[in-house]
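This document opens with one chain alone, in structure tokens, the form predicted on its own.
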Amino acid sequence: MISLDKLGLGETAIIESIETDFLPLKLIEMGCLPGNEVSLLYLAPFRDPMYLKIDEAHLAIRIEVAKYIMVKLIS
């Protein structure tokens, strides 16, 4: 298990756990929940923000937030 900020470009993972104290409510509402699939689509310069696809939603999140989302890579 790794944190989301360690996900490589083009990799896909399953969200295992989240620390809700540090995660904005908007991300939870958009599907950032355990069991959902997440893919890293693009990276801005310096890897911040990260542009992700979580289930059918596309969103950008900052590295500071991604550190609190634990994922398991899909092989």
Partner chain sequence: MIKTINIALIGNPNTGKTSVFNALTGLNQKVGNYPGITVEKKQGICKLNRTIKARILDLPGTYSLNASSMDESVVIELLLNKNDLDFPDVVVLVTDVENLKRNLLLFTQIKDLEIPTVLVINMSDQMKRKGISIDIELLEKQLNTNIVLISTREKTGIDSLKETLINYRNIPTSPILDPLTIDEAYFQSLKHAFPNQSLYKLWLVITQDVNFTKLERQKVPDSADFKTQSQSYLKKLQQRETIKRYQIINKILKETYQVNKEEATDLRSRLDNILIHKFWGYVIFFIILLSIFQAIFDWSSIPMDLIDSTFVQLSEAVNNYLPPGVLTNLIAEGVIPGLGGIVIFIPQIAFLFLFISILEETGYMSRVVFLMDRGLRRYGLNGKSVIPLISGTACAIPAVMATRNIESWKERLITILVVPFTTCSARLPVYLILISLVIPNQRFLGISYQGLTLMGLYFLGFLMAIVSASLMNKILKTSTKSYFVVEMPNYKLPLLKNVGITVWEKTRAFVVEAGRIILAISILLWVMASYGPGENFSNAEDIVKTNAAYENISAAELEIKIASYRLEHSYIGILGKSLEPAIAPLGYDWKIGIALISSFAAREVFVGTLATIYSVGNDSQETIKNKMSAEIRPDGTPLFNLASGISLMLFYAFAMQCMSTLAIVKKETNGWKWPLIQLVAMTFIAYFAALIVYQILK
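Positions refer to the first chain, counted from 1. The shown structure was predicted, so the numbers you read here are calculated from the model rather than taken from an experiment.
Another form exists, predicted in complex with the partner chain; not displayed. Remarks below refer to it.
By the criterion of a heavy atom within 4.5 Å, residue 17 is excluded from the residues contacting the partner chain in the predicted complex. In the predicted complex, at least one heavy atom of residue 62 sits within 4.5 Å of a heavy atom of the partner chain. None of the heavy atoms of residue 67 is located within 4.5 Å of the partner chain in the predicted complex. The shortest heavy atom separation between residue 11 and the partner chain in the predicted complex exceeds 4.5 Å.
Residues 20, 21, 22, 23, 24, 25, 26, 27, 28, 29, 30, 31, 33 are the ones in 14-34 with at least one heavy atom within 4.5 Å of the partner chain in the predicted complex, listed in sequence order.
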